[in-house]
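Next up is one chain by itself, shown in structure tokens, the form predicted on its own.
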């Protein structure tokens, strides 16, 4: 989300009668007050001064993650036992075919059959999962009378599977569930039981309740978060990632780090323990990520990166921070137009956004520079130190093989204003800005895009 797996949490800070989607949000307010994933409940605020104070309040949150986690090398064999407790027939959702080439698909099916669980297959989920694939998957599940969904693949497969599981039990258009500025936003309250089996360390979707889906016709990519989307069980076997190529491994490292920096840089003040959690995840990814990239068969490195990716977005690191996700929202719009790999877009946008944000909130970026890169600041607001830390972070991304400029993705500046307008159509605060620290106007968004050319 794929980032933006808990992006809905930013809605806690969005208020105002004219905000896109706010009428439907108010209708579903009871739902948001029940969200059990690293959340902060706030009263409405209208002025910029009140919003600033709002970010300085103390932690006040509720947390629960109901997903049962089975983690460790070789744990795939547990799928039969796990699935047999949930039903008799599973919709097995996969992506582009790598799980079949590696033999993981056959192993999974054999284990399920041995446990008395039959399958119907939904393959071909795209890297940026499309709403048409969700509709197709839901139709297969209905026709085959599936009573559960199993996602076997990366973040795209898991995201699509979540929405498929809800769409099976919904008579309307599944696109109603995805926030895109509509008058009425349908938040599902029920879904088929879901098991996630990630084959890539990146998104953390295996243990959270969010999904990101693209409408290829309207070129909109946005999100849904709902309690019913929490997987019942996540089987996380690092052995399944040893065949992942170097570039996708690098993108996974970037993705998991960005999940953490979004909350770290955009959350409320006064969360020192969560800051240390976040820094620990970043440092672990920076230590073990290059090892996994250099040697894909290094199972220890694969294990540590897998664990970091899971922790980065299952709610533990973000608990109480009320995070906002402006970088993800910007990337979603870009990849909706260009269908680039999500994390490649994040690698381009995040450093540019960080430089923009550091000028408004230098203290957090100084802390990042000192604790992650060992720099020594002259003061807690030393902007030069903050920018040097961001430069080093960008250099790390380049060193592991990630792009850091739009030109590397074949994207020019012609549509920057369109990207900005489209992002703000999906979500904005009472002042018409993209929520974050700082909130971003259309001109601000264009400025960040131009800095990443």
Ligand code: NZQ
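Keep in mind it's a predicted model, so treat the numbers as computed, not measured. Numbering follows the first chain given and starts at 1.
The same protein has a further form, the form predicted together with the named molecule, not shown here; the description that follows concerns it.
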Contact residue in the model of the complex, chosen from 218, 182, 380, 243 - any heavy atom within 4.5 Å of the named molecule: 243
The named molecule: the contacting residue among 137, 267, 351, 129 in the model of the complex [heavy atom, 4.5 Å]: 129
The named molecule contact at residue 161 in the model of the complex, heavy atom, 4.5 Å: no
Contact test in the model of the complex: residue 101 vs the named molecule, heavy atoms, 4.5 Å: yes
Contact test in the model of the complex: residue 125 vs the named molecule, heavy atoms, 4.5 Å: yes
Residue contact check: residue 326 to the named molecule in the model of the complex, 4.5 Å heavy atom: no
Contact stretch among 203 to 211, 81 to 89, 138 to 146, 361 to 369 - heavy atom within 4.5 Å of the named molecule in the model of the complex: 203 to 211
Residues from 93 to 120 in contact with the named molecule (non-hydrogen atom within 4.5 Å) in the model of the complex: 95, 96, 97, 98, 101
